[in-house]
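The data below hold one chain only, encoded as structure tokens and taken in the form predicted alone.
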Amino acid sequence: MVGIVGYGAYLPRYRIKAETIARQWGTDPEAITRGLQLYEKTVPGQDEDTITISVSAARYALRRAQIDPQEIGAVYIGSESHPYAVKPSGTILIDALGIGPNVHVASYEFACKAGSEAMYVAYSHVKAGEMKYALGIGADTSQGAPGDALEYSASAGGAAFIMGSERVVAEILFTHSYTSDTPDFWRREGESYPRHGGRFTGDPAYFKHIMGAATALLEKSKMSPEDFKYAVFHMPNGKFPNEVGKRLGFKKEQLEAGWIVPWMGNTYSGSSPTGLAAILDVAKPGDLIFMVSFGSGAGSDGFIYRVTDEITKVQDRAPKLREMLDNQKTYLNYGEYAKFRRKIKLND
């Protein structure tokens, strides 16, 4: 049995409401909330970045796993907002948490599926018997240009998962990946904000790849949507994950536990991983969980998890995602938000 032995998530306490952004640009707030099904989003503090978010999430994962950090053989952080262009994020994390130095560290990037990519590789190392534990993290302080549609959703947060074969809380039964060259979203070196290919965002990109990975995963496992208690898909907005779930045959109640995007926004590499963390917070032994990520460019990673009896022992050892989402919120006006996100740039 190989799978998740510890998990943790972290969300900043700062928020901005979608209507605040809409009014700044003279847009109808109701049209935004109705069209994107987004109400507010998390905003990183001025001293928060992908590394600090990863450290906090991983610390909670260690608290749940209750293992010696020195036994972790690999640390992978997936993000599209690594603080350094040339310096791994994980080296700071291993020093902060007492992991290593006998550890393999790498930074992953594949748009919004970099987190599931890190989880996939961490799981594969343990499954292959290369190491006892491996840590996969998805975290971002995602970017959206002022006035762009992405500004309503681009948020901050992340989740960390320790993979192992002892005291597993969620066994990984099946995996599958689906990838193609679909240029729906990109950011060139040196550019502050990403650009997106409009009409490519939906069916040619998001829906095609999640449907491709999900269909193959169901065929491989010989399971059907009715077999699962929960399902979570990448959440670029509130509308897309519900639509793709419906197309695949999942019911609304199967998605609700992990459908956190209306109040959190799109944490990019942390999107489906934080949704999974929210599900694990409430899951019971025997529950089956279906998860498919999506990353522009484009690709999807799919996982099927079976929750074990160990889950009830770890759920209360660290803060739950819904607690962070609902409590201790500090709302920003647009000026404060622009300052926090360094959207005001001065020319030399």
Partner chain sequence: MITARYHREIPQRYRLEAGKCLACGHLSFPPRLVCPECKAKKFETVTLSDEGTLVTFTVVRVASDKFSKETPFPVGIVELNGGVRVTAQIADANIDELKIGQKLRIVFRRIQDDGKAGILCYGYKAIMA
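What you are looking at is a predicted structure, and each value in this text was computed from that prediction instead of being measured. Residue numbers count along the first chain shown, from 1.
The same protein has a further form, the form predicted together with its partner chain, not shown here; the description that follows concerns it.
- Only one of Glu226, Asp203, Asp95, Glu256 lies close to its partner chain in the model of the complex, with a heavy atom inside 4.5 Å, and it is Asp95.
- Screening Pro101, Gly147, Pro183, Pro83 for any heavy atom within 4.5 Å of its partner chain in the model of the complex leaves a single hit, Pro83.
- None of 32-40, 306-314, 283-291, 54-62 except one has non-hydrogen atoms within 4.5 angstroms of its partner chain in the model of the complex; the exception is 54-62.
- Its partner chain in the model of the complex is approached by Lys339, whose closest heavy atom lies within 4.5 angstroms of it.
- Contact check for Arg23: every heavy atom lies farther than 4.5 Å from its partner chain in the model of the complex.
- Using a 4.5 Å cutoff between non-hydrogen atoms, Gln46 counts as a contact of its partner chain in the model of the complex.
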